[in-house]
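The data below hold one chain only, encoded as structure tokens and taken in the form predicted alone.
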């Protein structure tokens, strides 16, 4: 007779410290997903979702890499369970991408002329001073800003 596998995941120590914040961000995400998008462009309806996903990833990144308040096991648990974006955090570790808003802004295939997004251009090099990214609504995520 085969073993019965359970889907129970061991929650690492320290989870109770970050759980309220993550639950609050998940509630905001649910609210943003259910918001009506009447009168908005198709891409504008997704901007709050990108913003909250970025906020969750940045929260976990800061707790582990900057403040060193959570353990490696808890950090890996959060990444495995989908509380943070592993690929976005990997980019934040590289020089020049510390303030990256989303991964779509740096992919050349998603933009005209096979370049990166306009929000990746430093403010002092822009022709227009006030811009918004089409993909995520970012006002500028270049490292030199």
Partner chain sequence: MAHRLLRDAEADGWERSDFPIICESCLGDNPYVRMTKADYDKECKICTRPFTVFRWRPGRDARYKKSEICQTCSKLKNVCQVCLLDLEYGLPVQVRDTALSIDSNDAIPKSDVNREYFAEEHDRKTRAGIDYESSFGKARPNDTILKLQRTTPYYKRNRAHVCSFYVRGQCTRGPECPYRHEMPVEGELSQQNIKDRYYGVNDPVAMKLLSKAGEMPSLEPPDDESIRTLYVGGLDARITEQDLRDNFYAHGEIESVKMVLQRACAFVTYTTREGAEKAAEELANKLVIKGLRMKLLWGRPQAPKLDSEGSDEAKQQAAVTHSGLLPRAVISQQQNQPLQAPPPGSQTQPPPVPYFNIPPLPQHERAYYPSMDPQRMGALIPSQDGPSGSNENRGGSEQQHQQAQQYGYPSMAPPPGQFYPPYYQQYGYRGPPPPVLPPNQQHHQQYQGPQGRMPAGPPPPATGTSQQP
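Numbering follows the first chain given and starts at 1. In this text the structure is predicted, and so the values were computed from the model without any measurement.
Quick note: we don't show the form predicted in complex with its partner chain, though the next part is all about it.
Heavy atom contact within 4.5 Å of its partner chain in the predicted bound form, the stretch among 23 to 31, 113 to 121, 76 to 84, 99 to 107: Stretch with heavy atoms near the partner: 113 to 121.
Non-hydrogen atom contact residue 16 with its partner chain in the predicted bound form at 4.5 angstroms: It does not: once its partner chain is placed as it appears in the predicted bound form, residue 16 has no heavy atom within 4.5 Å of it.
4.5 angstroms heavy atom contact with its partner chain in the predicted bound form for residue 66: Residue 66: no contact with its partner chain in the predicted bound form.
Close approach of residue 130 to its partner chain in the predicted bound form, 4.5 Å, heavy atom: It does: once its partner chain is placed as it appears in the predicted bound form, residue 130 has a heavy atom within 4.5 Å of it.
4.5 Å heavy atom contact, residue 93 to its partner chain in the predicted bound form: Answer no; every heavy atom of residue 93 is more than 4.5 Å from its partner chain in the predicted bound form.
Residues of stretch 19 to 46 in contact with its partner chain in the predicted bound form (4.5 Å, non-hydrogen atom): Residue within 4.5 Å: 41, and no other.
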